[in-house]
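As a starting point, one isolated chain is supplied in structure tokens, in the form predicted on its own.
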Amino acid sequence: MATAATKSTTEQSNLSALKGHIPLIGLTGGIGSGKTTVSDLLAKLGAGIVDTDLIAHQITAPNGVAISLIEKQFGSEFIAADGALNREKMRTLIFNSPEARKSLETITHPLIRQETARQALQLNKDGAPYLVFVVPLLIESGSWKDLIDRLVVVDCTKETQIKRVMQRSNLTQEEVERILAAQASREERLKHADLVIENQGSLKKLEAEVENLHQKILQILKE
């Protein structure tokens, strides 16, 4: 019987096999930059979207495949009353303990990779013109560089990020800044970007930028 690690490696290999057959686009940006808005707009234009952050939430939701493993590793106090991961408690732990963060990632990352590959293969089978992998920590992971054809970075100022996250997540400025400090810097993301989407203005302006991005990606099919 294949182990979880072996299965994860196989799934990742399947994802690699898509390269050269369909454009593979990485989409990243700091917290509050607007990655989800951009990916939603690309989906409306026909792109196949694989959101790894959404997958991470699904596997740690009530009855999610990661829950029993997390409970075994960290204890029942990290599971909320509804059976989901107690995100606030876990967030506090991993911010203060690199070892705990690594333990959590050892559980969740293989499961996320497995589901990412499954969704990508299905979208390719369904005829998506290109695939967009929404990965919040794409730069930090170091494992996506050779898998994707282009890296798109959604960009805005740090001040805008802080304001957006405080409004949507009810976090303090200090909490948001701690999250930002744990992510790649704005400069680091831009250094790696093949294409940049500026999300500092109106939704109408963003829609125009996303349409332009869509056309550039379709051009890859003709190369």
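The first residue of the shown sequence is 1; numbering continues from there. Given the structure is predicted, the values throughout are model-derived calculations rather than measurements.
In what follows, reference is made to the form predicted together with adenosine-5'-diphosphate, a form of this protein that is not presented.
Student: For adenosine-5'-diphosphate, considered in the predicted complex: do all three of 32, 37 and 199 come within 4.5 Å of it, counting heavy atoms only?
Tutor: Judged in the predicted complex, 32, 37 and 199 all sit within 4.5 Å of adenosine-5'-diphosphate.
Student: Please identify, from 188 to 196, 171 to 179, 57 to 65, 23 to 31, the stretch that has a heavy atom within 4.5 Å of adenosine-5'-diphosphate in the predicted complex.
Tutor: Only one stretch qualifies here: 23 to 31.
Student: Hey, in the predicted complex, does residue 158 get a heavy atom within 4.5 angstroms of adenosine-5'-diphosphate?
Tutor: Contact with adenosine-5'-diphosphate, no.
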